[in-house]
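This document starts with one chain, in the form predicted on its own, laid out as C-alpha cells.
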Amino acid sequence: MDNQKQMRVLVLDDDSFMLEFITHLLKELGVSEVLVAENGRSGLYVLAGQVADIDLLICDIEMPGMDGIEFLRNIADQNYRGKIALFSGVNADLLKAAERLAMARGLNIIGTLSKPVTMGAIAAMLEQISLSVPQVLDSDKTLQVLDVADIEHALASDHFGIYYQPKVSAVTGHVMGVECLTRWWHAQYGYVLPDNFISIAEQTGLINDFTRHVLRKSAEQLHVWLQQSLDLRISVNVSMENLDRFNLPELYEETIKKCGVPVERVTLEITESKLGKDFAQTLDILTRIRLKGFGLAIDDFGTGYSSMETLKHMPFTELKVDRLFAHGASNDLATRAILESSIKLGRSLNLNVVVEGIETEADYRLATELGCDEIQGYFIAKPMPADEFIEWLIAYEAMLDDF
C-alpha cells in the first residue's frame, strides 16, 4: 500500500465510533490524512475548506439532519468530480438504489460498502484509486474563465486532442473499433472537463465547427490505421445541437471522404436523452445520414424518457447500453435484469449492441453471456492517445493469440 501514503480521505458518518473505527482502518492501510464529518452539512463545510484534493469520499447514506442522499445532491449540483464510496447498514437494494441515483447525477461512484466495514473491503476500494489522474480544473471556475474566444483559439491552434477507447467483440475478444473522445489540456487552466467546454460550444454556436473538427481528426487517424492494414471502425459523438441544418449529411460525408476513409467505417453516436427536439427535422437528418452510409448509434440507452418510441422511429444501427445498467450487474439482480432486457431488445431489432462502462471481469463475463455484440469500458482499456493505443493494441492482440 505504499502508493497510498499521500492519499487524503473524507469520511461522513453520524456514529463517532464508526468514524474512529474507519479512520483506524484507513491509517493501518497507509492513508496519510483522514478527515471526518458527522453529517452532510459538516461534510459540505469540510469540502469547502479544502485547498488540496480529497482522493476518496466515503459517505454514509443514513445521517440525521442532512442525510447522505441530500449531501450527494448538493455536491452533484456543485459538479463535484472526486471519487466516492457509499456505505450503510441499510439493505443491499436500498444501498444499490442510492448508488444508481448518485451515478445518475454524474457523481463518480467507485463502489459501495456494507456495515460492518472490514479492512479487506476498504483495501479493495483503495486499490481502485489512481493518483496519476491529471489535475482537473474546478467546474465552477471553468465556467467563469472559459469563453467563446478560448474555444475558438483551441480550434484554430489544434489544442483539442483525441483519445481512443477500444470496443471489443464479445465473441472473439478482438478489437472492432474505437470511440473517439475529446480531451483538452488548457495551457493556463489545466485539464478542462468535456462537459464544460461542450456546453459552452453548444450555447455559443461553435458546436458545428467543433464536431467537424473532431470528426476530421478522428477520420484522419483512421486513414493512417487503415493504411497500416488495421481493420478498425471509429465512433464519434454528435450533439443534438448539430442537428439544426438539413445539409448536415453532406457536410459530414464531405469531411470523411476528404480523409480518404470509407463512410461505412464511421458511426455517429447520438445521446438518447437529448433526442426530444424537433422530431421531424431530427428524423429527416438522421435518415439521410444513414443513406450516406454512416452507422448511427443511440448512446446512453435507457437514460431518456422515450426509449421505445425512439427505437421505433429512428434509423439506428447500434444500441449502446449505458454504464448505469452495466456497472455491478453481476452482483445486482435488478441491474442484471435491465441489462439483459436491453440486450435482448437490441438484438431483436437487429442492432449492434454495445455494453459500455464495463469495469470488472464479472460484469464483462455477464455481458458476454447475455449476448451483446461488443464491450467497452475500463476493464478493457481506458481512452488513450493514438500512439499509446497502438502499443496497447499490439500487446492486447498478442495476449489473445497466446490463449
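For every residue, the number given is its place in the sequence shown, counted from 1. Please read all numbers here as calculations on a predicted model, not as lab measurements.
Note that the form predicted together with a small molecule isn't included here; everything after this is about it.
Heavy atom to heavy atom, is residue 331 within 4.5 Å of the small molecule in the predicted complex? Close contact is absent here: in the predicted complex, residue 331 is far from the small molecule, nothing within 4.5 Å, heavy atoms only.
Is the gap between residue 356 and the small molecule in the predicted complex 4.5 Å or less for some heavy atom pair? Heavy-atom contact with the small molecule at 4.5 Å: present for residue 356.
Do residue 186 and the small molecule share at least one heavy atom pair within 4.5 Å in the predicted complex? The answer is no: residue 186 has no heavy atom within 4.5 Å of the small molecule.
Is there a non-hydrogen atom of residue 79 within 4.5 angstroms of a non-hydrogen atom of the small molecule in the predicted complex? No, residue 79 is distant from the partner.
Identify which of 314, 103, 113, 214 has a heavy atom within 4.5 Å of the small molecule in the predicted complex; exactly one of them does. Here the answer is residue option 214.
Only one of 90, 181, 146, 259 comes within 4.5 Å of the small molecule in the predicted complex by heavy atoms, so just point that one out. Going through each option in turn, the one that passes is 181.
To test your reading of this chain, name the stretch in 148-156, 79-87, 235-243, 282-290 whose heavy atoms come within 4.5 Å of the small molecule in the predicted complex. Partner-contacting stretch among the options: 235-243.
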